[in-house]
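One chain follows as C-alpha coordinates, the form predicted on its own.
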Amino acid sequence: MILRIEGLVKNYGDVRALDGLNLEVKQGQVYGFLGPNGAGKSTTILGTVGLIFPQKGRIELFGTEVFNEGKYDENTLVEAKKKIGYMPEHATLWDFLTPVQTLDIIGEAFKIPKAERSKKIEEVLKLVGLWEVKNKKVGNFSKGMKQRLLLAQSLINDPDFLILDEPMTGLDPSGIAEFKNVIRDLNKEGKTVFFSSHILAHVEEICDTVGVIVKGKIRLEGNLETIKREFLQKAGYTIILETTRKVSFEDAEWKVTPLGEKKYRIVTSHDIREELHDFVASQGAKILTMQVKEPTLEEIFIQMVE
(Lines give C-alpha, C1' and ligand atoms only; values in the text may rest on other atoms or scores of the structure.)
Protein backbone atom coordinates (compact mmCIF):
# COMPACT_ATOMS: atom_id res chain seq x y z
CA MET A 1 0.00 0.00 0.00
CA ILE A 2 1.40 3.39 -1.01
CA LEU A 3 -0.91 5.56 1.10
CA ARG A 4 -3.41 4.68 3.82
CA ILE A 5 -5.37 7.32 5.74
CA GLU A 6 -7.64 6.31 8.61
CA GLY A 7 -10.06 8.54 10.53
CA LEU A 8 -8.26 11.78 9.67
CA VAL A 9 -9.74 14.89 11.27
CA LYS A 10 -8.61 18.43 10.62
CA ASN A 11 -10.32 21.54 11.99
CA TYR A 12 -9.58 25.13 11.06
CA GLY A 13 -11.18 26.90 13.99
CA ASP A 14 -14.88 26.07 13.83
CA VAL A 15 -14.61 24.66 10.31
CA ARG A 16 -14.11 20.89 9.97
CA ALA A 17 -12.12 20.37 6.77
CA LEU A 18 -11.62 16.61 7.21
CA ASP A 19 -14.25 14.60 9.03
CA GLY A 20 -12.85 11.15 9.79
CA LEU A 21 -11.40 10.69 6.29
CA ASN A 22 -10.49 7.15 5.15
CA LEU A 23 -8.49 6.73 1.97
CA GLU A 24 -6.24 4.12 0.31
CA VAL A 25 -3.96 4.43 -2.70
CA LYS A 26 -2.44 1.21 -4.00
CA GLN A 27 0.78 0.76 -5.92
CA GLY A 28 0.43 1.39 -9.64
CA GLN A 29 -2.84 3.29 -9.46
CA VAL A 30 -3.71 6.57 -11.12
CA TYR A 31 -6.03 7.79 -8.40
CA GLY A 32 -8.30 10.75 -9.16
CA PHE A 33 -9.23 12.68 -6.02
CA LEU A 34 -12.38 14.48 -7.02
CA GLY A 35 -14.43 17.05 -5.15
CA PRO A 36 -15.85 20.57 -5.24
CA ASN A 37 -13.81 23.52 -4.00
CA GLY A 38 -13.61 23.42 -0.20
CA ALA A 39 -14.28 19.68 0.01
CA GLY A 40 -10.95 18.92 1.72
CA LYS A 41 -8.75 17.85 -1.21
CA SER A 42 -5.79 20.15 -0.54
CA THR A 43 -6.04 19.62 3.22
CA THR A 44 -5.75 15.86 2.66
CA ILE A 45 -2.64 16.34 0.55
CA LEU A 46 -1.03 18.80 2.97
CA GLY A 47 -1.62 16.35 5.80
CA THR A 48 -0.10 13.52 3.78
CA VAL A 49 3.15 15.40 3.18
CA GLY A 50 3.33 16.80 6.71
CA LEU A 51 2.64 20.46 6.00
CA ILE A 52 -0.31 20.72 8.39
CA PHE A 53 -1.14 18.99 11.67
CA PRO A 54 -4.45 17.11 11.75
CA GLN A 55 -6.04 16.64 15.16
CA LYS A 56 -6.83 12.92 14.87
CA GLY A 57 -6.25 9.87 12.69
CA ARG A 58 -3.45 7.84 11.14
CA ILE A 59 -1.38 8.19 7.98
CA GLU A 60 0.79 5.44 6.48
CA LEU A 61 3.20 5.94 3.59
CA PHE A 62 4.76 2.93 1.85
CA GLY A 63 3.42 0.68 4.61
CA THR A 64 4.96 2.65 7.49
CA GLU A 65 3.09 4.87 9.93
CA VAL A 66 4.16 8.52 9.70
CA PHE A 67 1.32 10.15 11.66
CA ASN A 68 -0.78 9.02 14.60
CA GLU A 69 -3.20 11.00 16.79
CA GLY A 70 -1.82 14.47 16.26
CA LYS A 71 1.92 13.66 15.95
CA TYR A 72 4.23 12.99 13.04
CA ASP A 73 7.22 10.66 13.29
CA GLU A 74 9.62 13.14 11.72
CA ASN A 75 12.37 10.63 10.82
CA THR A 76 9.93 8.23 9.18
CA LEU A 77 8.20 11.07 7.34
CA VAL A 78 11.50 12.41 5.98
CA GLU A 79 12.44 8.97 4.65
CA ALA A 80 9.03 8.55 3.02
CA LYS A 81 9.17 11.99 1.40
CA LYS A 82 12.38 11.05 -0.39
CA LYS A 83 10.19 8.79 -2.54
CA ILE A 84 7.44 11.36 -3.10
CA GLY A 85 7.10 14.01 -5.78
CA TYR A 86 4.73 16.83 -4.79
CA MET A 87 3.24 19.48 -7.06
CA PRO A 88 1.25 21.97 -4.94
CA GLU A 89 -1.79 23.84 -6.22
CA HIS A 90 -0.31 27.20 -5.22
CA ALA A 91 3.46 27.59 -5.24
CA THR A 92 5.91 30.45 -5.54
CA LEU A 93 8.74 29.97 -8.00
CA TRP A 94 11.88 32.07 -8.01
CA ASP A 95 11.21 34.54 -10.85
CA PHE A 96 14.87 35.57 -11.08
CA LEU A 97 16.07 32.00 -11.72
CA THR A 98 15.98 29.85 -14.84
CA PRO A 99 14.38 26.36 -14.97
CA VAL A 100 17.85 24.79 -14.83
CA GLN A 101 18.85 26.84 -11.77
CA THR A 102 15.51 26.11 -10.08
CA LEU A 103 15.80 22.36 -10.54
CA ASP A 104 19.48 22.38 -9.58
CA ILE A 105 18.61 23.87 -6.17
CA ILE A 106 15.83 21.34 -5.60
CA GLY A 107 18.00 18.46 -6.78
CA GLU A 108 20.77 19.54 -4.41
CA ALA A 109 18.26 19.58 -1.55
CA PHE A 110 17.58 15.92 -2.35
CA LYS A 111 21.37 15.35 -2.25
CA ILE A 112 21.48 14.18 -5.85
CA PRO A 113 25.13 14.16 -7.08
CA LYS A 114 26.04 16.98 -9.51
CA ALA A 115 26.55 14.81 -12.62
CA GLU A 116 23.39 12.83 -12.01
CA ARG A 117 21.52 16.05 -11.24
CA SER A 118 22.44 17.64 -14.59
CA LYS A 119 21.31 14.55 -16.47
CA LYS A 120 18.02 14.43 -14.57
CA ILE A 121 17.35 18.14 -15.11
CA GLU A 122 17.68 17.70 -18.86
CA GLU A 123 15.44 14.62 -18.77
CA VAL A 124 12.56 16.22 -16.87
CA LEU A 125 12.69 19.55 -18.74
CA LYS A 126 12.42 17.68 -22.04
CA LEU A 127 9.59 15.62 -20.62
CA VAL A 128 7.52 18.71 -19.72
CA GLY A 129 8.46 20.65 -22.86
CA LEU A 130 10.66 23.32 -21.28
CA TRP A 131 14.10 22.33 -22.55
CA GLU A 132 14.10 25.03 -25.23
CA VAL A 133 13.58 27.73 -22.59
CA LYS A 134 15.87 26.18 -19.96
CA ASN A 135 17.96 29.35 -19.60
CA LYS A 136 15.14 31.92 -19.59
CA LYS A 137 14.00 33.64 -16.40
CA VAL A 138 10.95 32.04 -14.81
CA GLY A 139 9.46 35.49 -14.17
CA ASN A 140 8.78 35.78 -17.91
CA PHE A 141 6.90 32.49 -18.06
CA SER A 142 3.16 32.12 -18.62
CA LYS A 143 0.96 30.40 -16.04
CA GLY A 144 1.00 27.22 -18.10
CA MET A 145 4.80 27.20 -18.36
CA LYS A 146 5.08 27.65 -14.60
CA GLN A 147 2.76 24.67 -14.12
CA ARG A 148 5.08 22.61 -16.31
CA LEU A 149 8.07 23.66 -14.21
CA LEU A 150 6.23 22.72 -11.04
CA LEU A 151 5.65 19.27 -12.52
CA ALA A 152 9.34 19.06 -13.43
CA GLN A 153 10.42 19.86 -9.86
CA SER A 154 8.12 17.11 -8.55
CA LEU A 155 9.96 14.61 -10.77
CA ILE A 156 13.56 15.63 -10.07
CA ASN A 157 14.04 12.99 -7.34
CA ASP A 158 12.57 10.20 -9.53
CA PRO A 159 9.73 9.56 -7.05
CA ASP A 160 7.73 6.36 -6.69
CA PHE A 161 4.63 8.30 -5.61
CA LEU A 162 3.54 11.45 -7.40
CA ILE A 163 1.08 13.79 -5.66
CA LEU A 164 -0.41 16.49 -7.88
CA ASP A 165 -2.80 19.13 -6.52
CA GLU A 166 -4.97 20.63 -9.31
CA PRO A 167 -2.08 20.14 -11.75
CA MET A 168 -3.78 21.29 -14.97
CA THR A 169 -4.82 24.74 -13.76
CA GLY A 170 -3.78 27.40 -16.25
CA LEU A 171 -2.92 25.02 -19.09
CA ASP A 172 -4.38 25.50 -22.56
CA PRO A 173 -6.07 22.52 -24.30
CA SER A 174 -2.87 21.34 -25.96
CA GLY A 175 -1.01 21.65 -22.66
CA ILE A 176 -3.70 19.64 -20.89
CA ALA A 177 -3.47 16.90 -23.52
CA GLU A 178 0.33 16.78 -23.14
CA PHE A 179 0.03 16.75 -19.35
CA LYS A 180 -2.33 13.77 -19.51
CA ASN A 181 0.11 11.92 -21.74
CA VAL A 182 2.92 12.59 -19.28
CA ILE A 183 0.84 11.13 -16.44
CA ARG A 184 0.04 8.05 -18.53
CA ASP A 185 3.72 7.57 -19.41
CA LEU A 186 4.83 7.96 -15.79
CA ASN A 187 2.26 5.38 -14.73
CA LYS A 188 3.52 2.97 -17.41
CA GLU A 189 6.98 3.38 -15.89
CA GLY A 190 5.54 2.06 -12.61
CA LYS A 191 4.88 5.30 -10.75
CA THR A 192 1.78 5.67 -8.61
CA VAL A 193 -0.07 8.92 -9.30
CA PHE A 194 -2.51 10.68 -6.98
CA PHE A 195 -3.99 13.89 -8.23
CA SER A 196 -6.81 16.10 -7.09
CA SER A 197 -9.14 17.95 -9.40
CA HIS A 198 -12.58 19.50 -9.59
CA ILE A 199 -12.60 19.09 -13.39
CA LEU A 200 -14.46 15.87 -14.05
CA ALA A 201 -13.26 15.25 -17.60
CA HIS A 202 -9.61 15.19 -16.51
CA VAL A 203 -10.30 12.50 -13.93
CA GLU A 204 -12.51 10.38 -16.15
CA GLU A 205 -9.99 10.26 -19.00
CA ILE A 206 -6.84 9.16 -17.19
CA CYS A 207 -7.72 7.63 -13.81
CA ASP A 208 -8.32 3.96 -13.09
CA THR A 209 -9.58 4.71 -9.56
CA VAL A 210 -11.70 7.60 -8.32
CA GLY A 211 -12.45 8.93 -4.86
CA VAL A 212 -15.15 11.57 -4.41
CA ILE A 213 -14.70 13.73 -1.31
CA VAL A 214 -17.51 15.95 -0.03
CA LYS A 215 -17.33 17.92 3.24
CA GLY A 216 -14.24 16.08 4.41
CA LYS A 217 -15.51 12.54 3.82
CA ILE A 218 -15.16 10.06 0.98
CA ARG A 219 -18.62 9.61 -0.47
CA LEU A 220 -17.64 7.21 -3.24
CA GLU A 221 -14.49 5.30 -4.09
CA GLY A 222 -13.44 2.59 -6.50
CA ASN A 223 -12.89 1.56 -10.09
CA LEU A 224 -14.71 3.90 -12.44
CA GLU A 225 -16.67 1.14 -14.18
CA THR A 226 -17.70 -0.36 -10.83
CA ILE A 227 -18.86 3.06 -9.63
CA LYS A 228 -20.98 3.50 -12.75
CA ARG A 229 -22.48 0.02 -12.38
CA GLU A 230 -23.36 0.61 -8.72
CA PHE A 231 -24.82 3.99 -9.59
CA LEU A 232 -27.01 2.36 -12.23
CA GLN A 233 -28.31 -0.12 -9.68
CA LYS A 234 -29.20 2.66 -7.22
CA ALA A 235 -30.47 5.32 -9.62
CA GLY A 236 -32.21 2.97 -12.05
CA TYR A 237 -31.52 1.80 -15.58
CA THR A 238 -32.34 3.95 -18.59
CA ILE A 239 -32.76 1.87 -21.73
CA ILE A 240 -33.21 3.35 -25.20
CA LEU A 241 -35.15 0.86 -27.34
CA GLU A 242 -35.95 0.88 -31.06
CA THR A 243 -38.19 -1.79 -32.62
CA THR A 244 -39.30 -2.89 -36.09
CA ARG A 245 -42.92 -1.96 -35.35
CA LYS A 246 -44.93 -0.09 -32.74
CA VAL A 247 -45.13 -1.80 -29.34
CA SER A 248 -47.75 -1.25 -26.65
CA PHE A 249 -46.43 -0.83 -23.10
CA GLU A 250 -49.85 -0.30 -21.45
CA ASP A 251 -49.58 -3.45 -19.31
CA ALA A 252 -45.87 -3.03 -18.52
CA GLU A 253 -44.69 -2.10 -15.04
CA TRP A 254 -41.86 0.03 -16.40
CA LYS A 255 -41.82 3.79 -16.90
CA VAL A 256 -41.92 4.23 -20.69
CA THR A 257 -41.60 7.48 -22.67
CA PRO A 258 -42.12 7.36 -26.45
CA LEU A 259 -39.30 9.00 -28.40
CA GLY A 260 -40.91 8.31 -31.76
CA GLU A 261 -43.31 5.88 -33.37
CA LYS A 262 -41.01 2.91 -32.75
CA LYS A 263 -38.49 4.30 -30.28
CA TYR A 264 -38.82 4.39 -26.47
CA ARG A 265 -37.05 5.43 -23.29
CA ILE A 266 -37.56 2.90 -20.49
CA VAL A 267 -36.56 3.55 -16.87
CA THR A 268 -36.51 0.63 -14.44
CA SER A 269 -35.06 -0.28 -11.06
CA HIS A 270 -33.03 -3.16 -12.54
CA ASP A 271 -31.67 -4.53 -15.80
CA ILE A 272 -34.65 -5.85 -17.85
CA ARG A 273 -32.99 -6.43 -21.21
CA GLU A 274 -33.83 -10.15 -21.33
CA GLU A 275 -37.44 -9.45 -20.35
CA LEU A 276 -37.68 -6.78 -23.04
CA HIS A 277 -36.69 -9.24 -25.73
CA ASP A 278 -39.58 -11.53 -24.76
CA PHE A 279 -42.02 -8.63 -24.31
CA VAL A 280 -41.32 -7.17 -27.74
CA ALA A 281 -41.40 -10.59 -29.42
CA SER A 282 -44.80 -11.35 -27.87
CA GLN A 283 -46.22 -8.46 -29.91
CA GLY A 284 -44.72 -9.69 -33.16
CA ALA A 285 -41.95 -7.09 -33.25
CA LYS A 286 -38.18 -7.33 -33.18
CA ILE A 287 -35.58 -5.16 -31.45
CA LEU A 288 -33.46 -3.09 -33.82
CA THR A 289 -31.33 -1.37 -31.15
CA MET A 290 -31.21 -1.45 -27.38
CA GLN A 291 -28.82 0.69 -25.39
CA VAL A 292 -28.32 1.07 -21.66
CA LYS A 293 -27.46 4.72 -21.07
CA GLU A 294 -24.49 4.87 -18.73
CA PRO A 295 -24.13 7.82 -16.38
CA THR A 296 -21.22 10.16 -16.85
CA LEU A 297 -18.87 10.82 -13.99
CA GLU A 298 -20.38 14.30 -13.86
CA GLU A 299 -23.87 12.90 -13.19
CA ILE A 300 -22.51 10.65 -10.43
CA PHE A 301 -20.49 13.52 -8.99
CA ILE A 302 -23.46 15.90 -8.88
CA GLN A 303 -25.61 13.33 -7.11
CA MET A 304 -22.86 12.60 -4.56
CA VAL A 305 -22.43 16.31 -3.83
CA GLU A 306 -26.17 16.86 -3.49
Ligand SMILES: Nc1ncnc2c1ncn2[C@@H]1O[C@H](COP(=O)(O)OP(=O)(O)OP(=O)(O)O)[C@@H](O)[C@H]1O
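Owing to the predicted nature of the structure, the values given are computational and were not obtained by experimental measurement. Position 1 is the first residue in the sequence shown; the rest follow in order.
There is also a form predicted in complex with this ligand; it is not shown, and the following applies to it.
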Task: in the model of the complex, segment of 63-71, 253-261, 31-39, 266-274 with a heavy atom within 4.5 Å of this ligand - done: 31-39
Task: 4.5 Å heavy atom contact with this ligand in the model of the complex for all of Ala17, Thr43 and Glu166 - done: yes
- [ ] Flag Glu89 as yes or no: does it have a non-hydrogen atom within 4.5 angstroms of any non-hydrogen atom of this ligand in the model of the complex?
- [x] yes
- [ ] Any residue of 168-188 with a heavy atom within 4.5 Å of this ligand in the model of the complex counts; write them all down in order.
- [x] none
